[in-house]
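So here's one chain in two forms, each on its own in C-alpha cells, numbered structure 1 and structure 2.
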Structure 1
Amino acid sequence: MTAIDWMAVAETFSQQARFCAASPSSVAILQGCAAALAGPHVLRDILIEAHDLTRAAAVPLRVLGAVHRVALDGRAPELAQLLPSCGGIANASRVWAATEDVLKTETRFIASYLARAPQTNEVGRSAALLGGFLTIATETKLPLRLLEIGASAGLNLSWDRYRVTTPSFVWGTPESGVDLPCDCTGAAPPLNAGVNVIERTGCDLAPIDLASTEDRRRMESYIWADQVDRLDRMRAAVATARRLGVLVDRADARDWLARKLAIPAPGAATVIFHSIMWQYLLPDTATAIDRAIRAAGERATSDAPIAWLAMEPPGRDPGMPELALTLWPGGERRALAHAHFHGAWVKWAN
C-alpha cells in the first residue's frame, strides 16, 4: 500500500476552510480536521478507506457533508445545537469538539458516506446562468432545448421558473417560490429576451432522485450548516423541479451527450450547459465531451444552433468561476461574466 502523505491531505482541508470563509461552522470543522490529521486520529482511520484522497476528490466536502448529515438526522444532538441548519445557534468555538465526538461514534457511517461524491446542486448558480440563457434566446430568437451535464438533481434546469433579485433589476415572476438574491455589477444581460423552454433534461453519473427522502437529505447535507437561506432555496427548488417533472438520466456525460446531439432539433436552440463540474472530469472524458460539442457545433445551422454555456473556474484550478458562451454557427467563445461559486454575485462583462 502506498504511504499516505497526511500533510498534503491536511492541506486540502485547510484550503477548503479558506473557501468556506462565509460559513464559520464549516471553517471550524475543516480546520479541526486539518489539525487532527497531523497525528494518529480516528479521522485518519476513516480516510484510509477512501479510494481517492486527491484534491479533485473533494474529500473535505465529503467529510463535512457526512458530519452534517449525522446532525440533520438527529443522531448528534450536541452538534445539532450548534448548527443553524438543525435549528441550533452557531458557536464556532465549540463545534469542533462536538464534531470530534461524531467522528468517534459514527465512524462506519462517515466512512461509507465518503464513497459517493458530493451532490450539492447549488440552485443559486441559476442567477449567473440566467444571463447566458437570455443571451442565447436573444441572439437565436428560438425556443431553448436544455441539456445539462453533471446535473445532479437537475435543479438548475428550472432556471426560468426562478426569480432573480439584484440591486439594479428583477427577473422572473412574483409567483415564483424560489428567489435568488444576487449582487450584479456591469452591463445587465438582455432582460427582455423572450424565453420558451421546450425541453429540459440532464445526466449525471449518480443523479439525485427527488422522489427519495434519502437522496434529498443527502443533497441537503452538503449545504454549509450556517447558510439556512441556501437550504431553504434548495428545498423550494426541489418542489419546483418535482412539479415540472425534471428528468435526470443516470449516464456518462460523453455517451449521453453523443446520443442527444445525434437527434436533429430544427426550430430550437440546443443548449449544453454545466456549472462547477468540469474540474472533476477525467481528462479523457473532458476531451471527449469537448470534441462531441464542437462536432455538433460544426453541423449547426441558423435554424438549429448549438450553444455551450459553462460556469466553471478557468483551467482546472479552483479560481473564481467564469461564465462563458460558445454559440454555433460561428463558434466564437465569449466570456460573459465572472461569478461567485454559489451565485451570490455576478460581474457582467461590459
Structure 2
Amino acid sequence: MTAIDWMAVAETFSQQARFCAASPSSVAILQGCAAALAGPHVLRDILIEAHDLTRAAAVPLRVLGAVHRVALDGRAPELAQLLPSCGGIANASRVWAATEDVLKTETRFIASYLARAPQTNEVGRSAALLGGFLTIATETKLPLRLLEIGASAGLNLSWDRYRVTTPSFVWGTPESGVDLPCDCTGAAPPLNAGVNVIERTGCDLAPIDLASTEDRRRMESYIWADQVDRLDRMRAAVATARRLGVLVDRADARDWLARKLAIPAPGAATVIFHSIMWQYLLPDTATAIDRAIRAAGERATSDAPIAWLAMEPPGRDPGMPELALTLWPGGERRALAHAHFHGAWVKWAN
C-alpha cells in the first residue's frame, strides 16, 4: 500500500474551506479537518477507508455531507444546536469541537457515507432556465415535451410550477410553494408566453429517488448547513415533484436520448435540456449526444420542432454558466444569458 500524503489531503480540505466562504459552519468544519490531518486523528482512520483521496473525488464535500447528515438525523444534538439547517443558532467557533465528537461516535457511519459521491439538484437554476422555456413556448406556440439529461432528482423538470421573483418582474403563481429570488438584469424573457407542459421526463446515471427517505435526506445533507433558504426551497420543490409524479430514469444520457428522440412528437416542441452536467460526460458520449440532437434537429418541422437548451459553463472554462438555445427548424445557436451557478442572478442578453 502506498503511503498517504496527508499534507496533500489536508490541503484539499483547506481549499474547499476557501470555496465555502459563504457558509461559516462549513468553513469551521473543513478548517478543523485540515488541522486534524496534521497528526494521528480519527479522521485519518476514516479516510484510510476511502478508495480515492484525490482532489477529483471531492472528499471534503463527502465529509461535510456525512457530518451534516448525522446532525439532520438527530444523532448529534450538540452539533445540531449550532447548525441553522437543524434549527440551531449558528456558532462557528463551537462547530469543530462538536464535529470532532461526531467523528468519534459515528466513525463507521461516516466512513461508509463517503463511498458515494455528493449528489445534488439545484432548483435555483430554474430561474435561468425559465427564460429559455418561455422563448421556446413563444416562438413555437406549441405545448412542451421536456427531456432532461443529467436530471439528478428531476427538480428542474417542474420549473413551470415555481415562482421567480426579480427586481423587475415576478413570474409564476403566488400559490407556488417554491419561490426563487433572482437578481435579473437585461431584457426580460417573454413573460406572457402561454406555457403548457405535456411531458416531463429525465434521466441520470445515478438518479435521486424522491420516494426514498434515504435519498431525500442524502440530497439535503450536501446543502451547506447555513443555507436554510436553499434547503427550504429544495424541500418545497421535492414536494412539488412528488405531487406531479416526475420520473427520472436510471440511464446514460446517450442511450436514453436516442430512445426518446426516436419517438415522433407531432404537435409539441421537444425540449432537450441540461444544467451543469456536460462537463461530466465522457468525450465520446458528449459527441454522440451532440450528433443525436443535431440529427433530430435536421428532421424537425414547424409542427414538431426540436429545442436544445443548455445551462453550462462555456467550453471547458470554469467561468459562469451560459444559457444557450438552439431551435430547429433553423438551428441557429443563441446565447440567451449568463447566470450564477445556483441562479442567484441572471444577466439576460439584450
Ligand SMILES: C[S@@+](CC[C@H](N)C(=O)[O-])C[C@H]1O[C@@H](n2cnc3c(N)ncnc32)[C@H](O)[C@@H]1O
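Here the rigid core means the biggest group of C-alpha atoms that line up within 1.5 Å when the two forms are laid on top of each other. For numbering, take structure 1's sequence and count from 1. Keep in mind that what you see is a predicted model, and the values were worked out from it rather than measured.
Between the two isolated copies of the chain, the form predicted in complex with the ligand corresponds to structure 2. Where the chain switches from one rigid part to the other between structures 1 and 2, the hinge residue selected from P264, P181, A211, G267 is A211. Treated as two rigid parts, the chain shows its smaller part rotated by 15° relative to the larger one between structures 1 and 2, based on C-alpha superpositions. In the rigid-core superposition between structures 1 and 2, residue position T54 carries a C-alpha shift of 6.5 Å. Relative to the superposed core, P40 moves its CA by 8.6 Å between structures 1 and 2. With the core fitted, the CA of A80 sits 3.8 Å away from its counterpart between structures 1 and 2.
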